[in-house]
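Take a look at this single chain, the form predicted on its own, given in structure tokens.
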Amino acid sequence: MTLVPTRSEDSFQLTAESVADNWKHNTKGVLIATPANPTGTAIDTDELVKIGQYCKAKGGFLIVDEIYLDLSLSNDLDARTHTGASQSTNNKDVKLQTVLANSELQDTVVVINSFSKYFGMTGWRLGWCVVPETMTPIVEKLAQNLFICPSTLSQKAALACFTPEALAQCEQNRNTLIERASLVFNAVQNMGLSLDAQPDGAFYAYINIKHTGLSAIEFCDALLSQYHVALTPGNDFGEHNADHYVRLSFATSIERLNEGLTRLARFVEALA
């Protein structure tokens, strides 16, 4: 596997140019997560299509992890493709759009997703994979050697996710995330830290702490020991410039976020 460095100017996502520059004679495909963990950023739709076209021309596959796709941080329902509610859009400028919307790529694209995030079924280990029809027998052979099938209980719970009542609750949860995101992004800016790329989905803020003079691990260790707030160092997610970033998750209550952000601000002020 080849890890490819990304830049904040590209929302910490691959570009068609970076894919081409790193494609080797034995490369079989490209794996992209959009929106991604830890940045929460999504790849531009046009760029994703270009990468898919390049993979297809090279006889390879594009594998897209869309686990956070429905956790858009946009209030505009028309500005995203919502797989759960079976909504779609033809706006080519929309970032949160499933790659399957492009019919030209469907024979060389693999999409993986899960009930864990949008549907809140973390720990059930239940998801799905959309593959080209010719790949179905191969995936079936792989599945036979990994598991028989998900439990009946988890399958029934998954089916219940698609009722109008369940989808309404999921949308309410997403709107709550939007409120938390606004609180976090404003607070981070006010304490003198920066988000080099604005998150589009998920529930993460990838914060640049380079100017503090501490490495990501030093920053997180000191914050935890002195102020009892836990962030995750960028080193847990990669290597390129990882020492300059920490991840904040806002998958908790507004009250706990306010307390954590207050302590974080005091810590940053003390460092200054």
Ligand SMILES: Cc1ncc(COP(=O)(O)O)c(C=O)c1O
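Numbers for residues come from their place in the sequence shown, where the first is 1. Note that the structure is a prediction, hence the values are computed from the model and not measured.
Same protein, other form: the form predicted in complex with the named molecule, not shown, and the subject of what follows.
Asks: Candidate spot 37, 68 and 125, all three in 4.5 Å heavy atom range of the named molecule in the predicted bound form?
Replies: Judged in the predicted bound form, 37, 68 and 125 all sit within 4.5 Å of the named molecule.
Asks: Does the named molecule get within 4.5 angstroms of any non-hydrogen atom of residue 98 in the predicted bound form?
Replies: Residue 98: no, not in contact with the named molecule in the predicted bound form.
Asks: Is residue 49 close enough to the named molecule in the predicted bound form to count, meaning some heavy atom within 4.5 Å?
Replies: No, residue 49 sits far enough from the named molecule in the predicted bound form that none of its heavy atoms falls within 4.5 Å.
Asks: Considering only heavy atoms, tell me if residue 108 and the named molecule come within 4.5 Å of each other in the predicted bound form.
Replies: Because no heavy atom of residue 108 falls inside 4.5 Å of the named molecule in the predicted bound form, the answer is no.
Asks: So, residue 116 and the named molecule: in the predicted bound form, are they within 4.5 Å at any heavy atom pair?
Replies: Because a heavy atom of residue 116 falls inside 4.5 Å of the named molecule in the predicted bound form, the answer is yes.
Asks: Quick one: find which of 22-30, 217-225, 60-68, 41-49 has residues within 4.5 Å of the named molecule in the predicted bound form by heavy atom distance.
Replies: Flagged stretch: 60-68.
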